[in-house]
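A single chain comes next, written as structure tokens; it is the form predicted alone.
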């Protein structure tokens, strides 16, 4: 059972049942993760190693991706604005508000899920098929405490940091495109008039939530691996698809809550 159907001609009802079962499995791993987050005993340096693997090794990939995304969004926004109202004085302010409130976290989390989610699932899945996880259980160590919790902490912290950095990179590339293509000066583009504290709270909340979701979904899929190398491949694929699906659903939920409590004024 997984977010991606393994068999052909699966009925919509069966697919929905599989998704719900996987969501419950992730929720169970999440509950145990919260328990061991408070009462668990982690190996010294385990969180730091995962922070390096998740953060430092993903930084270049995220910066390049967000630079292109920021350039494309600004270019398309400028083209549409030129057709309707040829006034670019507020293009920077509008873009910055969208970037902080949603785009930096929600768009940036999707490529981050492919890099981080696949790595977590492959690493834990390989430990499962080589019976290292069984050895942990024989030593009275819970795999969630030993494997998932350090990755969860690292993903929440470094995922948030990387998404914030990616937002700055996307804004910088958008500023460059606005100046080169639409003759908008950096002074005009750097307009903070529309940004509120609520936008910052909502954007950071999304980044933190997405980082945790990627680690939980990928960790659950890794622990559910069975078989040999083929099973690890399935777990990796399902971790990426499941993480992206979780990000989209969480984006809807958080954005709906934000609409009522921190509306975009």
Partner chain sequence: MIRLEDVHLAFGDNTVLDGVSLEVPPACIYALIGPGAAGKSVLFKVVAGLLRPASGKVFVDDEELGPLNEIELARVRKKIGMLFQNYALFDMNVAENIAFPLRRLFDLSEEEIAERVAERLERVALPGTEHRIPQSMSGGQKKRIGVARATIARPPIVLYDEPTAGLDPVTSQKIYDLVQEEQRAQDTTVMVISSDVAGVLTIADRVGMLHEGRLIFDGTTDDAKASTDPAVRQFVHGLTEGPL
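Positions refer to the first chain, counted from 1. Just so you know, these numbers come straight off a predicted model, no measurement behind them.
Another form, the form predicted together with its partner chain, is not on view; read the next lines as being about it.
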- Task: Report whether the minimum heavy atom distance between residue 88 and its partner chain in the predicted bound form is within 4.5 Å.
- Result: no
- Query: Is residue 28 a contact residue for its partner chain in the predicted bound form, using a 4.5 Å heavy atom cut-off?
  - Reply: no
- Item | Partner proximity in the predicted bound form: residue 192 to its partner chain, non-hydrogen atom cutoff 4.5 Å | no
- Report whether the minimum heavy atom distance between residue 179 and its partner chain in the predicted bound form is within 4.5 Å. no
- Identify which of 157, 141, 165, 184 has a heavy atom within 4.5 Å of its partner chain in the predicted bound form; exactly one of them does. 141
- Query: Judged by heavy atom distances of 4.5 Å or less, which residues of 129-151 approach its partner chain in the predicted bound form?
  - Reply: 130, 131, 132, 134, 135, 136, 137, 138, 139, 140, 141, 142, 145, 146
